[in-house]
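Each of two forms of one protein chain follows alone as structure tokens, named structure 1 and structure 2.
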Structure 1
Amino acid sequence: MSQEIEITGLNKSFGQGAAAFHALSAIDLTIATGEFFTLLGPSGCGKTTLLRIIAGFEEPSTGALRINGKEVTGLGPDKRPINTVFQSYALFPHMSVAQNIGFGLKMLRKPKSEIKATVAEMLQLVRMEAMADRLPSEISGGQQQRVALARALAPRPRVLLLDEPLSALDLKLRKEMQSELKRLQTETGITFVFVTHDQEEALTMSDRIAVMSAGEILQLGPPQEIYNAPVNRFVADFIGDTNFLSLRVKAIKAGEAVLELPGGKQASARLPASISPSVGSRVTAVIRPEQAEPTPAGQGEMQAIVESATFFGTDTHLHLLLDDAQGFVLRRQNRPDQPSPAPGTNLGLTFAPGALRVLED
């Protein structure tokens, strides 16, 4: 697979001297052609800034940016084979849907007939044929979003940048657009760089995810890897729900730590290369709520008492108190033949080897 975007040692700061604000630091990133790549992170972590730098609205302070092998630093947005779907859509209010979609091609001085054909094709792609002559103010939010998408796709860019394009939509429309986006990406084969702070959206749609925080990329990998093997506490906390346990190290052997569980039993967990705790110290370990299972009291790795239960439709979250008073959330599939235990019930907990992971703080 060829590399579409290569970013090396990129830094971006706003302002000068002591007042300078470092929005992005030491970003290294390659995005492959045809990839659905997602930037995920909390508000203000620099996602939009990174996107704007790729699009050419902002210049990096230091570092290199190559698109399709070509250095583009200093090139304006109108000179880059990249289009953006703006967070606010930024549809031209005085142009019809068709004129909006055709704008990029017109600027590229494509022949009229070609523009017409492409616009028709795009309208069909986003299923907006019936609304070609309406003004943006005359169509709904979801339709505007589709027009913004079609407008960005019409010039057939190599890369499409999407800045939280679904954030303004309600849940149902959002789910619909998620699958539509995915379909468009597969059909067109264009590289998508997608920004969101919705972890579920990121997990379901992406080929790879970069989790960002405070201007840095903390972890980069496919959704499964990000979810199952978060590199640190922040990533584990940001993606999905997690139980954090503070456990004492009993022994260390061959990259594995033997940890003392609440209640006294022991379990071993892989140690990440970045940390080497001493025997007797405490480390942070995590278990995902759905990766532990209840057992009859007295059995399993740990013992707990049910404090409360919250019903979520498909499953129930059991809030447990472990032997050493640490809290633990257990997610349990709802089944009619297995009513969830009442508060005060004692039960045991077990988990598969590998579910328990030690994390960098």
Structure 2
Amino acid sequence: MSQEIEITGLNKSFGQGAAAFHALSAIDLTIATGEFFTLLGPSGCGKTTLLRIIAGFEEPSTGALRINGKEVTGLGPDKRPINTVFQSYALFPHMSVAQNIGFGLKMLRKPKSEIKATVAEMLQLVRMEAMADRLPSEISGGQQQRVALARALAPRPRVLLLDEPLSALDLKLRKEMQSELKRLQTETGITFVFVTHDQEEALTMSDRIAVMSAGEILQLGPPQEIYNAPVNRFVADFIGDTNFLSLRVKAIKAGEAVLELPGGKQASARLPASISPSVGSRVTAVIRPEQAEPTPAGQGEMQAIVESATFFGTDTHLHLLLDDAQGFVLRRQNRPDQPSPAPGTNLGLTFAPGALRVLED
């Protein structure tokens, strides 16, 4: 697969000398042609700065940026085969939906026949043919988002950058637009680079995710890998709900640690290559709430007592206290014939091989 974006040794600082703020540090990154790629991280991690550098709105302090094999460092936004969709849709209020979509093509001095055909194609793509003549004030927030996307897609850029475009939508509409975005990307084949702090958006839409913190990429990979095999505590904590357990190492064998669980039983957990704990030391191990199963009291790998239960509709989170007083959250899918255990109930916990992992702190 060809590479659409290649970033090498990219650094970005704001200010000079000791007062300088280092927004990005030593970023090396390639994004494949036709990929839905997501930059994920908390506010201030550098993801939007990186997006603005790709767009040409900011220049890197050092490093190189190539798009489709061409060096673009130093080129302005209008000289790059890129369009951007921002949090604010910035539609022209006096123009109809169709006129908004065709505006960029008009600025590019495309023939009227081409503009008309492309606008019709974009309206069909975003399923808004019946609203072509409406003003932005006459359509919903989700529909305005579709118009903004259609306008950005109309010139057929090689890359579409999306800077938290769903953040202004309510929860239900945001979920609908997640599906729409993935559909649009698949149908057009355009490379999407998406910025978000929302882990669910990243997991549901992306081909690959770069998890960022403090101007660095901590982990890069497919959603399943990021979720199931986080490289350190930050990634594990940021992506999804996680139980962190402090456990003692009883033995080391073939890339795994044998750990003593609360209550005295033992279990094996994969060791990351970056750490080499000694026997008798304590490590941080993680297990996702949905990767453990309740068993009758006295059975399973660990024993716990129910402190409380939180109902979420599709599932219930059981907040437990383990034998050594460490907290544990168990996520259980709801069934009509399965009431939640009452506070004070004793139960056991079991988990499949591979569910328990040791992390680098």
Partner chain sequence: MGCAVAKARFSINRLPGFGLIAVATFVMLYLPIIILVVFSFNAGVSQSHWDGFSLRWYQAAFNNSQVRDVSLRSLWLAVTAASFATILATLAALGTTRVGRFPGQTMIYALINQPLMVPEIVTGIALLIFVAAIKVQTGYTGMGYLVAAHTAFCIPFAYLPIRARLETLDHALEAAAADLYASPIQAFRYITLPLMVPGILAGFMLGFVISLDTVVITEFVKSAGQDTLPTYMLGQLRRAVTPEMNAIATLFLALSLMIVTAFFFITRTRGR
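Counting starts at 1 with the first residue of structure 1 and goes up one by one along its sequence. Superpose the two forms; the largest set of C-alphas matching within 1.5 Å is the rigid core. Remember, predicted model here, so these are calculated numbers, not experimental data.
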Item checked: Identity of the form predicted together with its partner chain, given as 1 or 2 -> 1
Notebook entry, point to check: Is it true that Met128 shifts between structures 1 and 2 by 2 Å or more at the Cα, once the core is aligned?
Noted result: yes
Item checked: C-alpha of Val97 off by 2 Å or more between structures 1 and 2 on rigid core -> yes
Margin query: Superposing on the rigid core, is the Cα displacement of Gly141 between structures 1 and 2 2 Å or more?
Written below: yes
Next item on the list: Can you read me the CA shift for Lys116 between structures 1 and 2, rigid core superposed, in Å?
Entry: 3.0
